[in-house]
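This document starts with one chain, in the form predicted alone, laid out as structure tokens.
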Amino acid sequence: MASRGRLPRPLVAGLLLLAVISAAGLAAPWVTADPSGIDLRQVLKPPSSQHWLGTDGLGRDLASRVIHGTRVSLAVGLLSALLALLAGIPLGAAAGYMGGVADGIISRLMEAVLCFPALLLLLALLAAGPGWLRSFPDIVQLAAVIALTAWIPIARYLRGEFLHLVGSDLVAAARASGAGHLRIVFRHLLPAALTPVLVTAAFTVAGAITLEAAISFIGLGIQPPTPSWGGLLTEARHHVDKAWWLALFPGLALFLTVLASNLAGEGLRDWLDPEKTPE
């Protein structure tokens, strides 16, 4: 059985890979060339010592664009998870702890959002959303619309945990000692119920990164000239028959980042809940 004191291998592998990817993204302005620099003499050049990952249809260095795209993907993923937590935790806690009318209203709200296919709902909001949403930068817009559906798994898990714990001896003892509702929720219930929430948040990062790439791929996400992996894959469609590197490297970066986030989520689940980890 796994030990809480020993980090599971998937968690270590995921965190190390995320650390490398994050470090590359943070260092991008200092270690790479201008990702928007056009050089028509270097159009569609294959990987070489001068351009490690080749160049695109405008002669821009693909390595610079892929590494700068890391900043966009991680920013969208982390901000989406943060917004989902800020919405999902209070709503899930209110539904599970208060029950009754509050639980009914919040549960119906979750069901109403789930009635719409997530991707179609996000595309509709990005294409014809309210004017105030468009006043924000592209990254914030994407994170906000992704969080609109990403909060639901967090709220549902937390609601279930609260419903299980609210009738436990833990809560009965807290009430007998004179603890108020806020103290019971924040001091006793929330720490005991955070395991599935944190794990879900880790998977939310991976899902948000994938959604950002999909939305940018069809032209409604990050707009040029800002590089994003979805946008790079869109550009690669026009040259896929003669420039294989344009699709390979952005796709590989996307795959590795999502893989790292999922490994971190699985490892975090095993570490925080060792009783459910196989020997």
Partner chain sequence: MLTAGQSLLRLTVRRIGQAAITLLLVLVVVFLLAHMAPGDPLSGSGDGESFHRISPQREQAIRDLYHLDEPLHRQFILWFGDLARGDLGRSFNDRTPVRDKILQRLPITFGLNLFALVFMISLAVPLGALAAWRPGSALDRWAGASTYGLYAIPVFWAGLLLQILFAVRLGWLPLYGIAGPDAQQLSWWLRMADRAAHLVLPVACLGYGGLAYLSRFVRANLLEGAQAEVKRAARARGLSEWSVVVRHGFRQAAVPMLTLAGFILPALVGGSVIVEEIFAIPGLGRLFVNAVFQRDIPVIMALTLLSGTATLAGILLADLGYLVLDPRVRRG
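Just so we're clear, the structure is a prediction, and the values are computed from it rather than from any experiment. Residue numbers count along the first chain shown, from 1.
What comes next is about the form predicted together with the partner chain, which is not displayed.
- Contact with the partner chain in the predicted complex holds for none of 157, 186 and 197, as no heavy atom of theirs lies within 4.5 Å.
- Per the 4.5 Å heavy atom criterion, the partner chain in the predicted complex is contacted by stretch 235-243, the sole one of 60-68, 235-243, 39-47, 23-31.
- The contact with the partner chain in the predicted complex, taken as any heavy atom within 4.5 Å, belongs to 130 out of 191, 167, 180, 130.
- Taking a 4.5 Å heavy atom cutoff to the partner chain in the predicted complex, the contact residue among 86, 172, 101, 115 is 115.
- Taking the partner from the other structure, the partner chain in the predicted complex has a heavy atom within 4.5 Å of a heavy atom of residue 213.
- Contact check for residue 254: a non-hydrogen atom falls within 4.5 Å of the partner chain in the predicted complex.
- A residue is said to contact a partner when one of its heavy atoms sits within 4.5 Å of a partner heavy atom; residue 18 fails this definition for the partner chain in the predicted complex, lying far away.
- None of the heavy atoms of residue 52 is located within 4.5 Å of the partner chain in the predicted complex.
- Looking at 206-225, the residues that come within 4.5 Å of the partner chain in the predicted complex, counting any heavy atom, are 210, 213, 214, 217, 218, 219, 220.
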